[in-house]
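What follows is a single chain, given as structure tokens, in the form predicted alone.
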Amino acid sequence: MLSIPDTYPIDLKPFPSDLSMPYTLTPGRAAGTFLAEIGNKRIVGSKFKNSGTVAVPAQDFCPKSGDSEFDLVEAPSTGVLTAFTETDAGLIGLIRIDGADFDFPHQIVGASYGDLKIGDRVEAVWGDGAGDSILAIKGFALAPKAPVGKIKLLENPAKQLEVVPYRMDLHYEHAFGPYYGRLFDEIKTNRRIMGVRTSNGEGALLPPRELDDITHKKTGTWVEVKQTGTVRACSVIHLQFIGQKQPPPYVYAEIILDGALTRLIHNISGIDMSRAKELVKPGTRVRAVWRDSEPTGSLADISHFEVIDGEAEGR
């Protein structure tokens, strides 16, 4: 019998993790034209037909009335500062472009907080190389002598952008804690798969956890489970999707390792995939196959599970 969980030293550092969400953004007619023209150093707005209000940057719906009928207009690069604040990233201001009815948030450049006051005249400062991005405008700078610009109908508009590639990446560190910490430490160091006994000692829970799922009582001592087990559910994956660790086809299975009560999810490989439905089914006996590469301290150190020939539950 092994030590209780909270007496085992925690050797693993927090696990660095990334959550990536790539997708395409459909900007619509108004924003799509705004982005297509920003690289030409033209600022595009929407003039709504029913209300007569002007939104800069261009929008498909009037922020005030919800009107969806509009003409695209070319807005001047000048305006008035209506609000501002200072952040770690610099000065952020609300700009009322000349002739517009709504404010436009952007950076304030070439000035300090003490230089600014509400009502200051400002003018866009264009950057180089930002292309079809709002960052084509580096920011707005104080321009006390800038003449008041006018809104005019947009002539010869560029073709609107249909889609914009986009992605969101979240970087964080996952703390293993005493239970997952030992599970992955044992996998990395000793190639052992560890669970904890249930509160009544009948079998092991895997992954290990502090509380018994059924009784809600503290779990018991550590126990090493076997590296053989039985398939309880499975699916043959043919569909390719983002985040896959291996190309399809492969078998995704829920496996109960010998000595455990709960299911472990992993892949089954090393078979003729054209006979996957015949070779892998609930009751099929399998064993873990470890990777030969440098251990990582994760379930990925188990390459896959292989079918044990001639052995099946109930035989």
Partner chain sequence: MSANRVAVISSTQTELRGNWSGAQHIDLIAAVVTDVFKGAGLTLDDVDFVFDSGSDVLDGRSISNCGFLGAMGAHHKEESRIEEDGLWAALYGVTKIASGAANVGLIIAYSKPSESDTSLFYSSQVEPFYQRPVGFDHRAASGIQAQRYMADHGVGEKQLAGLVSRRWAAAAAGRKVPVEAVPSESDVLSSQSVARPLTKLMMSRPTDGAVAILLGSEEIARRTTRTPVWITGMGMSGDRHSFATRKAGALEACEAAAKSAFKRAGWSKPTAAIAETSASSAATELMVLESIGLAKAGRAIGLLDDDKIAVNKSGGSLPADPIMATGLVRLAEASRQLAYPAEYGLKSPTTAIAHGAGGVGMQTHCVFTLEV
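These numbers come from a predicted model, not from an experiment. Residue numbers count along the first chain shown, from 1.
In what follows, reference is made to the form predicted in complex with the partner chain, a form of this protein that is not presented.
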task: Evaluate residue 103 for contact with the partner chain in the predicted complex, applying a 4.5 angstroms cut-off between non-hydrogen atoms, and reply yes or no.
output: yes
Does the partner chain come within 4.5 Å of any heavy atom of residue 127 in the predicted complex?
no
**Message:** With the partner left out here, check for me: in the predicted complex, does some heavy atom of residue 236 sit within 4.5 Å of the partner chain?
**Reply:** no
* Asked: Looking at the partner-bound form in the predicted complex, is residue 166 within 4.5 Å of the partner chain by any heavy atom?
  -> yes
Of 87-95, 224-232, 198-206, 241-249, the segment with heavy atoms within 4.5 Å of the partner chain in the predicted complex is residues 87-95
- Query: Using a 4.5 Å heavy atom cut-off, are 58, 134 and 178 all in contact with the partner chain in the predicted complex?
  - Reply: yes
Answer key, the partner chain contact in the predicted complex at 4.5 Å (heavy atoms) among 260, 30, 268, 36: the residue is 30
Looking in the predicted complex, the residues of 61-85 with a heavy atom no more than 4.5 Å from the partner chain, listed in order, are 63, 64, 82, 83, 84, 85
